[in-house]
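Here's a solo chain for you in structure tokens, the form predicted alone.
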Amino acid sequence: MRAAVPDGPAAMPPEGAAGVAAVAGRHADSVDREARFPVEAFAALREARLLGLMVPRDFGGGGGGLADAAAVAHALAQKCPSSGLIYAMHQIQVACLVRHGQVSAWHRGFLERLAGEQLLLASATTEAGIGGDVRSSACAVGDEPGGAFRLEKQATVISYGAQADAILVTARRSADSPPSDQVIVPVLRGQTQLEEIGGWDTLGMRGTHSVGYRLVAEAGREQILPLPYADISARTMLPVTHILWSSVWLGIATDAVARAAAFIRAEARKRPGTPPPGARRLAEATAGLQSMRGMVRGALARFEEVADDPDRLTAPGFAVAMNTLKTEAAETVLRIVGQAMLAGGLAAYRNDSPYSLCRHLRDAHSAPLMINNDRILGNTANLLLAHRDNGSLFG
């Protein structure tokens, strides 16, 4: 297992992410209005070779770590949250392959392709009939002659599935396996048939196009990641997901506060010596933003500290910390955007204002629903039966 930390000097100059984010921002309104995939942002990401950012340099990638990916997702989300979230979801899959796929010749070759061709990865972990529990599967990997397998899944959500070059799919290990005995396997576009189920017309995060699909894949068994999905989830997918999603929500909050601050400064210039009515709300939003930034940075540092220690990654205390990051960040972004909107007043409430926070508010409302906070709080409550906080300042 490799850590999601850089394997050399800084992988991504800050101006690289800023340039791509600027492209994303120019098309954010049409992505939101048309609920379409942000093709321009991802063309820019491919050109900047940021889709392979976390692939080690030995495989032709950028050699970056999780902090680098979080910085890109955060920068994108300030301009186009859908682009930031898609980038985060892609890098979650990359992290799983980088950390758990290097013992297999097929996966090493796939990492080289990922970096060389700047492949976009999606995931299919949800499924009809499992009640939203991604740690169980109804579908199974079925044996086919010649070391092949066939897999059919009624996936309730595959974000940007039509644009993905490969999809990492969870399934039972075999037809005889219980629902919790899962594996995860990357299947390539040419190995997969996707039949779209339902439409996509949502309040926010409209560019992710997170629709359901009937997925049918036929591929070789060597593509199945060797480690059980339960271990991959605990050691990588869960913490990386919560850190990268939180980085996206931090990006939304950051831009909301920046717009509110610009509005307050403009109002202050009109009436020198008289603080605008919304100034106090801006101070509240700024305090919340500072707290949220510390929360995300703290989680990143904690993950990097234990990234190569499976025992600490699977300890209840670590899972509680990562779960809490997700639920708190999801609530905090909503609170910050709400405070920023109160600071900006009608200028923030209007769709046609340079200080508008309407899209921010709609996108932020997705945060507590992406794996529902109530489900995660219930899981945390169960973990707390076995975990006792040590009361230390540094955990």
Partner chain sequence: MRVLLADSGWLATDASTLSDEDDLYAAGLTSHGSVNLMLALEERYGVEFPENLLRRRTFESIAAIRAAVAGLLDGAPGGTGAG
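Residue numbers count along the first chain shown, from 1. Given the structure is predicted, the values throughout are model-derived calculations rather than measurements.
Below, we refer to the form predicted in complex with its partner chain, which is not included among the displayed structures.
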Interface segment, criterion being heavy atoms within 4.5 Å of its partner chain in the predicted bound form, picked from 77 to 85, 230 to 238, 252 to 260, 144 to 152
230 to 238
Is residue 193 part of the interface with its partner chain in the predicted bound form - any heavy atom within 4.5 Å?
no
Quick one: does residue 382 come within 4.5 Å of its partner chain in the predicted bound form, counting heavy atoms only?
yes
With the partner left out here, check for me: in the predicted bound form, does some heavy atom of residue 386 sit within 4.5 Å of its partner chain?
yes
Tell me, yes or no, whether residue 199 is in contact with its partner chain in the predicted bound form, where a contact means a heavy atom of each within 4.5 Å.
no
Could you work out which of 180, 291, 274, 163 is the residue within 4.5 angstroms of its partner chain in the predicted bound form, going by heavy atoms?
180
Among the candidates 220, 109, 226, 316, the residue which, in the predicted bound form, approaches its partner chain to within 4.5 Å (heavy atoms):
316
